[in-house]
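In the block that follows, a single chain appears as structure tokens, in the form predicted on its own.
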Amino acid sequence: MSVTIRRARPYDVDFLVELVTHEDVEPFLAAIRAKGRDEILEEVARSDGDPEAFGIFLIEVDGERAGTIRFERASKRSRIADLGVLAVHPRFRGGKVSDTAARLFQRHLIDDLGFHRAQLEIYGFNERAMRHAERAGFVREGVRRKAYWRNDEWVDGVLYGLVAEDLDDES
């Protein structure tokens, strides 16, 4: 099984819409995000137009679209990237696709784009995503208690970070 990542293109938008609105994916993603075709198409154009500050990527398994991951520059001066919308289609779950894609993405952000830090926040009820983050090398840094109104209740946001030196330690 070969897992690769690449920037999303306009011809990927229908797949992305289907993925982020899938009933087994949507409840775990941020409530405020691009969901419709036009919004996602705008984000793909932004990813092409400012590739060092924003990116929507496709995860592929043996050349087949399997998921998505994105980043947005949080700080130019401190070279920080916020990660988000890591979603793998349910057909591709269980084979560590997300772990492999996350590690490829970390390397791309740090080695190719020059970021020093990658950070993300996960809803406290999303135990699968938290286990994934830790397997992928992210360090749990804290909790924003009852920070988000999601699925008709207040939920925690669990913060994770990874710095360039963490990847150096793996070598």
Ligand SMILES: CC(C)(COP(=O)(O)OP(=O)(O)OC[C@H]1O[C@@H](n2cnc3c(N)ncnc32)[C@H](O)[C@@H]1OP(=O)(O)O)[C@@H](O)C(=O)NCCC(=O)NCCS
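Residue numbers run from 1 along the displayed sequence. None of these values were measured; they are calculated from a predicted model.
Beyond the structure shown, there is the form predicted together with the ligand, which is absent from this document and is the topic of what follows.
Contact between V25 and the ligand in the model of the complex is found at the 4.5 Å heavy atom cutoff. Interface residue remark: E43 is not counted as part of the site for the ligand in the model of the complex, having no heavy atom within 4.5 Å. Contact between R128 and the ligand in the model of the complex is found at the 4.5 Å heavy atom cutoff. Under a 4.5 angstroms non-hydrogen atom cutoff, the ligand in the model of the complex has I122 among its neighbouring residues. With the partner omitted here, the residue from K35, R103, R135, H116 that has a non-hydrogen atom within 4.5 angstroms of the ligand in the model of the complex is R135.
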